[in-house]
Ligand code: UNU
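Coming up is one lone chain in structure tokens, specifically the form predicted on its own.
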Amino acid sequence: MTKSSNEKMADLVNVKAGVQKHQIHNDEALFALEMEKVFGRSWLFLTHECSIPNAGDYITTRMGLDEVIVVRQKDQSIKVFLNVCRHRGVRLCVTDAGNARGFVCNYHGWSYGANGDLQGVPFEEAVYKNRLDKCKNSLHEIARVESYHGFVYGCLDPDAPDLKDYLGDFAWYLDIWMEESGGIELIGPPARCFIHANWKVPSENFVGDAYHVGWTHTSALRSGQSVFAPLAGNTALPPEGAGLQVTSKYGHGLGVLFDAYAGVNGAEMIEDLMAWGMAKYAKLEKKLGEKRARLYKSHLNGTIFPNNSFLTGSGVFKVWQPHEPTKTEVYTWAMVEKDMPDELKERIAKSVQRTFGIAGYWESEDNDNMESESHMAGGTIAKEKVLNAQMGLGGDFQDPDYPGLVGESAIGETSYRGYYRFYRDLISSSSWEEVNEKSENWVEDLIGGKSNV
């Protein structure tokens, strides 16, 4: 792209003013660019190691618009391949998951090993006269695959930073529940459905929107009697010091509601969950200190940029898979601590489907807003107008106890602004080198904001 085109992309997000053009949620040309510059460069969640424990275990998933096969190898490493036969480009593996020694194309019968090597071609000697180079026709392997505490991510760009560097300051928060808790596993297969919304809308919602909870989810709060029930109807804000928001260099962010370990789970589970969480908290406090351990017993809503979201206390783990500008496939897993009793894991899994599953009552309320926000962005005039993410603008700061940039309350849009600051840098850059140059002063970019639009 030319420099002027990159500058035009950067104009979609005004970091200093805390606004974004509504166009970002419904635009064909921008969507195509996102698949190249956001999904083509970012680390994307693929699966959890618990889903492919044995050699030959595989799952199929997506990386942007590309379908991939994730396969456990004999040496216990994990490889990822495009789910595309090298002969005529049809889908190679048509099942969601399984165990196989290899994969055979339904079209012409080309067969590949679990390691991606082309192993067999029907009538090879007769039709190819021994001139087919099998080594040059192995499956296309994804450039980068790494596991972080059992969570497997892949990246299509060989020049991207390592996964741990990509997570940066955010890893400090992830480690509390991914590792220090004793480890996490996902209960699957994931529930899957489509919503008529842009992929960024749910990603931004999870990255830091506690503002909508008391209003959008009034009925859910009053019927489910979760620990968030006092927020119903927006009759009161969380008290001062009840939480905070955090954003990081590469757009990852989260919101914290302190001492709300049980999350959105209903009244029938609160006592058991809190008993479990508080017992473990007592041990973690000695190991991690009071402030960091407190995050374990709190409720964290967050997004690992670009499209992987979670709710720790609620046990919800999501991936928002883009298909079209206003068509997104939602993957939902239940997330549990490895050392929990099986009975408690099962109850959490059922609760996740009731609340944030395909027909979950929290999910349904969110989807109405997400679809509306996306479709209204298709208006000729509306797409040129800006969206306001100025809550707490000018009040963000660096805290010696919490890595990243911190917002001063549970209700704010610090994480929104950080998410779209990095999105702007990605979408307006031609390489990771340029992205890093633009992101070098990311803290100063965010803390210098004023509500002037």
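A residue's number is simply how far along the shown sequence it sits, counting from 1. This is a predicted model, so every value here is computed, not measured.
Beyond the structure shown, there is the form predicted in complex with the ligand, which is absent from this document and is the topic of what follows.
Between the ligand and the residues Y153, Y331, F170, W362, the one pair within 4.5 Å by heavy atoms in the model of the complex involves W362. Among the residues R72, K249, K200, H299, the one placing a heavy atom within 4.5 Å of the ligand in the model of the complex is H299. Here the chain stands by itself, but in the model of the complex one stretch of 257-265, 344-352, 123-131, 274-282, 257-265, has heavy atoms within 4.5 Å of the ligand. Using a 4.5 Å cutoff between non-hydrogen atoms, H212 counts as a contact of the ligand in the model of the complex.
For the chain shown alone, F317 is not a contact residue for the ligand in the model of the complex, no non-hydrogen atom being within 4.5 angstroms. In the model of the complex, N205 approaches the ligand with a heavy atom inside 4.5 Å.
Put simply, F305 is far from the ligand in the model of the complex: not one heavy atom of it is within 4.5 Å.
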